[in-house]
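Before any questions on how it binds or moves, here is one chain, the form predicted alone, in structure tokens.
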């Protein structure tokens, strides 16, 4: 199969990721932080190694501020539910994923919610965004990269605005972590939520929340942490406060190797490779009959997530055709981000989405363009 659905999850994974998970399961998969025997200690060491790698990768000094979750949605829920109180105002954007939109919308009986609009290419209008700020604005949540059209949002500029207004800023890095360089200290990001299984090349069932704020979210889940066991109240110290229950140690071992893989290759090299593939695809789609690209038409200010529509064929039919006739995997319809399609003009059609990873090649892109030309 030619796999072009990396915005959903990257595949294949680096061999080192698979080996690390296999080694964990076969040699030391005990519960970290719960026991004093050698297997439990080895698990704890691996978990801490991963915290250290991720802290360095995203530019924070304290590995304890790296929280392991099950996915980016889990991380987003921790912050949105954990820092907001009744009467607070939140700003999201229409380009956000349902993991943000549904979580904030579920609290609208207690909070105020505003949506910042987007330009036709999916980019954010900073002037319009800033006009939405109120005296009770507590939190801004924004995707870093659109999962529909690949447009990169002005995270640093939004963070600067939030800092001036004393507003907390939560960045959804689901489509940027591992692809776009992020230093949350230099950028002024308070919270970063990311999946482990996309651009970080880790396994499914892994996610991270990196905290760079003195405002610590209230726990979403309460329970055993392996610490302060005599107390009935949840510990306040990080990471224990937000990590109740047994961690996904095999997944974290895989994630550790995923991050090390990115560091070894170089995030700039990964970005360059995806940009080259994107350039080939955009140029080819421009010459393909009945195909229209959604969002930015060149590689400036975008990543390797490309959506398009066919003038006379339903997007689900296009994806099914590519799969059945050419074994090419794409994603179709609304991508859990319907307001994005309203902004981009595809609310009635949805799109076919192609998304790259380091393992995709130019010959694969050429075959996709050939397949589309045969419709």
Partner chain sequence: MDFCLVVFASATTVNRVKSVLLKKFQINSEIVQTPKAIPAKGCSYSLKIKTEYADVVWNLIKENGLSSKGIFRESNFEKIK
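Numbering follows the first chain given and starts at 1. Please read all numbers here as calculations on a predicted model, not as lab measurements.
Missing here is the form predicted in complex with its partner chain; even so, the following discussion is about that form.
Candidate stretches 315-323, 302-310, 329-337, 36-44 - the one whose heavy atoms come within 4.5 Å of its partner chain in the predicted bound form: Selected range: 36-44.
Contact at 23, 57 and 258 by its partner chain in the predicted bound form, all three, heavy atom at most 4.5 Å: No, the candidate spot makes no contact with its partner chain.
Exercise: residue 280 in contact with its partner chain in the predicted bound form, heavy atom 4.5 Å: No, residue 280 sits far enough from its partner chain in the predicted bound form that none of its heavy atoms falls within 4.5 Å.
Residue 51 within 4.5 Å of its partner chain in the predicted bound form, heavy atoms: Heavy-atom contact with its partner chain at 4.5 Å: present for residue 51.
Partner contact for residue 349 in the predicted bound form: its partner chain, 4.5 angstroms, heavy atom: Residue 349 lies outside the contact set for its partner chain.
Interface membership of residue 61, its partner chain in the predicted bound form, 4.5 Å heavy atom rule: So residue 61 counts as contacting its partner chain.
One residue of 213, 227, 183, 119 in contact with its partner chain, assessed in the predicted bound form (non-hydrogen atom, 4.5 angstroms): Comparing distances to its partner chain in the predicted bound form, the residue within 4.5 Å is 227.
Stretch 230-244: residues contacting its partner chain in the predicted bound form, 4.5 Å heavy atom cut-off: If the 4.5 Å heavy-atom criterion is applied to its partner chain in the predicted bound form, 230-244 yields 230, 231, 237, 239, 240.
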